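Below, in structure tokens: the form predicted alone, a single chain.
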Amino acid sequence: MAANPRSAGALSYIAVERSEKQRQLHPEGIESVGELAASRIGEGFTGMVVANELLDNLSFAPVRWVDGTPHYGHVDVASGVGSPCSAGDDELVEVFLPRPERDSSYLLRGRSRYDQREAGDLIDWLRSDVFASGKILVFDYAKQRSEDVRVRTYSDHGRAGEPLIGLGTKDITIDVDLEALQQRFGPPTTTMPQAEWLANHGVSELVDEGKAIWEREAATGGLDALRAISRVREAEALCDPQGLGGFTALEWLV
């Protein structure tokens, strides 16, 4: 909203927030809903969906392969099996059990370590039920090979160790499994590092514009000048190949 793009008149801002208490805190002028149904978007949608660090936050299931059959991870209170992890006064364990009723079509047999069906289902829903034509644009940390996918935990802007230790005190996310997604949907139309995607779409021009505004208005001060010069630091962070710039940008044309 602050960027006020030329397309602003065609945009609707809908905040999706599951917590009713949080929705009540949203400012005036923002429509807040508990979920975003396909009916809200409408069938035959033509346009673009941008998913920034979304797929890594959808639910996933750890997987172990036993005699060629996937066993799915469950969390239980310690009962003499699994690997115990201290969580407050309880000890939690990860137990792997067969789930013959579960759709395993998103798994690469014997290689997938995590079932990311919800991420795949989201892309499938957009491609099959929502879009008539357009683009799905995803920014996320991702791995090209299923066996390289790892769980990531964060707390206070830093890595936070084992997910079951201190459960409820950290964010639990996961690398996006590109190999499994490509098995289901075929390769994305384009795949590149976030830094390269931003360079291709004019981030340097935005930085130069910000520098020019700063040079023109720094002497008089004001928020506009500070916002303009902040683009330089923001661009550096977003394009750092060892940081956010190393995220993967994926595009699917529909």
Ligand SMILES: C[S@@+](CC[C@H](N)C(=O)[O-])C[C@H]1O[C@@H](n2cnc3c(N)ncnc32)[C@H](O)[C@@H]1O
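One-based numbering along the sequence shown. Here, rigid core means the biggest group of C-alpha atoms that superpose within 1.5 Å across both forms. Given the structure is predicted, the values throughout are model-derived calculations rather than measurements.
The same protein also has a form predicted together with the ligand, omitted here; what follows describes it.
- The ligand is not drawn, but in the model of the complex it has a heavy atom within 4.5 Å of residue 17.
- When the ligand is considered in the model of the complex, residue 225 lies well away from it, no heavy atom lying within 4.5 Å.
- In the model of the complex, none of the heavy atoms of residue 212 sits within 4.5 Å of a heavy atom of the ligand.
- Taking the partner from elsewhere, residue 57 is found to have a heavy atom lying within 4.5 Å of the ligand in the model of the complex.
- Proximity to the ligand in the model of the complex, taken as a non-hydrogen atom within 4.5 angstroms, holds for one residue of 196, 208, 217, 53, which is 53.
- Comment: 45 to 53 is the region of 187 to 195, 45 to 53, 225 to 233, 63 to 71 lying near the ligand in the model of the complex, near meaning a non-hydrogen atom within 4.5 Å.
- A displacement of 2 angstroms or greater separates the C-alpha positions of residue 14 between the shown form and the other one, with the rigid core held in common.
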